[in-house]
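Presented as structure tokens, the chain that follows is alone, the form predicted on its own.
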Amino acid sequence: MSNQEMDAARAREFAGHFLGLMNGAAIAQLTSIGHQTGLLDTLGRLKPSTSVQIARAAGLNERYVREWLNGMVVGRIVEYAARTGRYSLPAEHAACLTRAAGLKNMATMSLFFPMLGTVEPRVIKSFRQGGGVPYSAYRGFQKLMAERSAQRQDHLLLSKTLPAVGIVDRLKRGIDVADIGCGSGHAINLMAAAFPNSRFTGYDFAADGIRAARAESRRLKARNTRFEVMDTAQLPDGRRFDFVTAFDAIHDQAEPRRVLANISRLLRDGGLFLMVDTAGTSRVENDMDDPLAIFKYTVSVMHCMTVSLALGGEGLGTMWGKEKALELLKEAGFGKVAVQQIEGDVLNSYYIARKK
């Protein structure tokens, strides 16, 4: 116990606060299971039903389903009618927790915790010895990020993001576009299908992501896409692109300054760079009222910061913030940067940058 004099009332208040956090963590685990098994989607489609009916509809074991349902009931997620023994997911809850909710589906956020838990011993080792946990250690991360990215891109990219950038007319006429850290390439493939006169290239160092990108491109029969496995710190010189994008990619980089400088060199005169990255400030005291700050700092410790440090990198972390982002963009040669928020995306800020 601290040598400081303890305020008993404050201690009780904190204990209640912390208990709430632990219950929230527990519900996140159950929510992850509900998303992955399809239980939340099943509940969203069904009228009030018994655990037997719900298990049958979902194709799952009733005993597990019943215990999960009861956990979600005490967590105030699912409602239960004791008289009839029937469970239901209110429409207002389904609007936040099912795949039918699209971009508003917050259940996908819960998937981070079981996945990040698998690397916790290695992160703890890094606390003691330095270094970090390499990207290759995160099994399933590419799939998770592809699902979350597709949620956002399907609902915002063509309808809101690109119009906000002011690039749509040029894309229609035909320009050269690159996506840095393209992951599974969904953004490139969406744009390629919508703008057949333009040419699109995706770069990512993860071979599994590039394979998925190429496979989707083949399914769409796109003839204007190209995907390359490449460390974006090693991008070739030459001003070859009119528009470059980076979605949730820069803060993970081992050498973010070098990557941004490379992007600046890749752009032709009059080119635009769209950097979509985590919303936040560069000072923790200014992030206290951010409702997602705890989540973002946790993901930073468990993934974004450590994968950069594993490569001997800068370790910016998820919450590097607007001030640091603007500093690095200016250093890379971007003299004019507008920062916007896009309606429907509460996680990110949108940096629209032009070269000096």
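In this text the structure is predicted, and so the values were computed from the model without any measurement. Residue indices: 1-based, along the sequence shown.
A second form of this protein, the form predicted together with a small molecule, is not displayed here; the remarks below concern that form.
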item	value
Non-hydrogen atom within 4.5 angstroms of the small molecule in the predicted bound form for each of Asp41, Ser49 and Ala94	no
Partner-contacting position among Tyr80, Tyr138, Phe113, Phe205 - heavy atom within 4.5 Å of the small molecule in the predicted bound form	Phe205
Contact residue in the predicted bound form, chosen from Asn105, Gln253, Ser198, Thr225 - any heavy atom within 4.5 Å of the small molecule	Gln253
Interface stretch in the predicted bound form with the small molecule - options 157-165, 170-178, 122-130, 139-147, non-hydrogen atom within 4.5 Å	139-147
Gly183: touches the small molecule in the predicted bound form, heavy atom cutoff 4.5 angstroms	yes
Contact flag, Glu216 vs the small molecule in the predicted bound form, heavy atom cut 4.5 Å	no
Touches the small molecule in the predicted bound form: Asp242 (any heavy atom, 4.5 Å)	no
The small molecule contact at Phe247 in the predicted bound form, heavy atom, 4.5 Å	yes
